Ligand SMILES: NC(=O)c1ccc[n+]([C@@H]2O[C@H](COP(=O)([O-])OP(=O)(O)OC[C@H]3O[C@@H](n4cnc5c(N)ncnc54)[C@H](O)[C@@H]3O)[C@@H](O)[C@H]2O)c1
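This document starts with one chain, in the form predicted alone, laid out as structure tokens.
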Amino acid sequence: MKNVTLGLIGVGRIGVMHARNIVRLSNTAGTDRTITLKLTDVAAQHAQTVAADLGAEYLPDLDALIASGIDGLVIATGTALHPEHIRAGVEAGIPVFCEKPVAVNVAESLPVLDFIREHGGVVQIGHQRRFDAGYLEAKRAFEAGELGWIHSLRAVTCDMTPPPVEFLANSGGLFRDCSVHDFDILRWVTGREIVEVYARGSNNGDPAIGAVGDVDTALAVVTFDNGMIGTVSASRYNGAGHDVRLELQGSAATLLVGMDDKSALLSAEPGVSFPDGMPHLTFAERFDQAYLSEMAAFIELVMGERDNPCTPDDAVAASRVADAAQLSLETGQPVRVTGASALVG
């Protein structure tokens, strides 16, 4: 029996989800390992409560967490703290899992990439869609040539309700916070680079979102290095439910990720009741299994049982597209994606 001890920093909404998934994995029958969880957060009382609820150990800060003897570090803090915490884990010589993105923007990410390379660090970035069954099937079908040549791709990510304006004020914008998942999955599914973006946006919801420099709805037209074109749309106000889809239209067939009984849409055709299930309300429900599989992959990475499924270079490549989309949104002009790297993973 092998024992793995994970340390987690940041127990906000997504941090608690990761902590619960670690506990779920530790209770999975038929495995040859045990998983111990230790955690910390600047909100000490909240962190202590979470630790007590999950049977985890609470430590007062990141230094104490690392010094306690952990095999891997899970980072679920705010984006601005990601570089500092990644460096701490890498410097300690332990594998790191960090929620996307590496940093607020590409410029701030590049020194982190240099640090990781110089220290031979192992860092997995959290792009959970790579572990979702639908996207995995889309990638398989694409690579097998079952769709023919692709003429159009359409990616959609729409939240049912917006997060707090205080969060949006420091999120980097809708493209960096939300659509970056679509930019990543488009690269991952197709194996192609996005080389140009043209973006537009609007604010018809809470005026406070516009006041902090963001939009509540946006659309980007993307061009790939082989001439394929696609669209990436996002909104904070999709009252029908949490809507995440990817449509791949090819010369031979069309495949749609995210079309099931819980799809957040209705048919206008007479006599059609599909979909008839209760739509997902949040991303956590939509990607529950994907998040669990993502954390299982990190544990395998910690134990040396698999390659890194999402490297920092992957994440920064998606962030380059998000930065270009944000610049296009601000200037009203198409923007070339500079410094695109070869697809990894």
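As the structure is a prediction and not an experimental result, all values here were calculated from the model. We number the residues from 1 along the sequence you see.
What follows is about the form predicted in complex with the ligand, which we do not show.
Proximity of G126 to the ligand in the model of the complex: non-hydrogen atoms within 4.5 Å are present. When the ligand is considered in the model of the complex, E99 lines it closely, a heavy atom lying within 4.5 Å.
Not displayed here, the ligand is kept clear of R187 by more than 4.5 Å at the level of heavy atoms in the model of the complex. The closest non-hydrogen atom of T77 lies within 4.5 Å of the ligand in the model of the complex. Taken together, D182, F274 and R286 are entirely out of contact with the ligand in the model of the complex: none brings a heavy atom within 4.5 Å. Between the ligand and the residues D216, D177, D132, D243, the one pair within 4.5 Å by heavy atoms in the model of the complex involves D177. Contact with the ligand in the model of the complex, defined as a heavy atom within 4.5 Å, holds for exactly one of A88, V221, L265, L81, namely L81.
The stretch from 310 to 318, 297 to 305, 41 to 49, 66 to 74 that comes within 4.5 Å of the ligand in the model of the complex, counting heavy atoms only, is 41 to 49.
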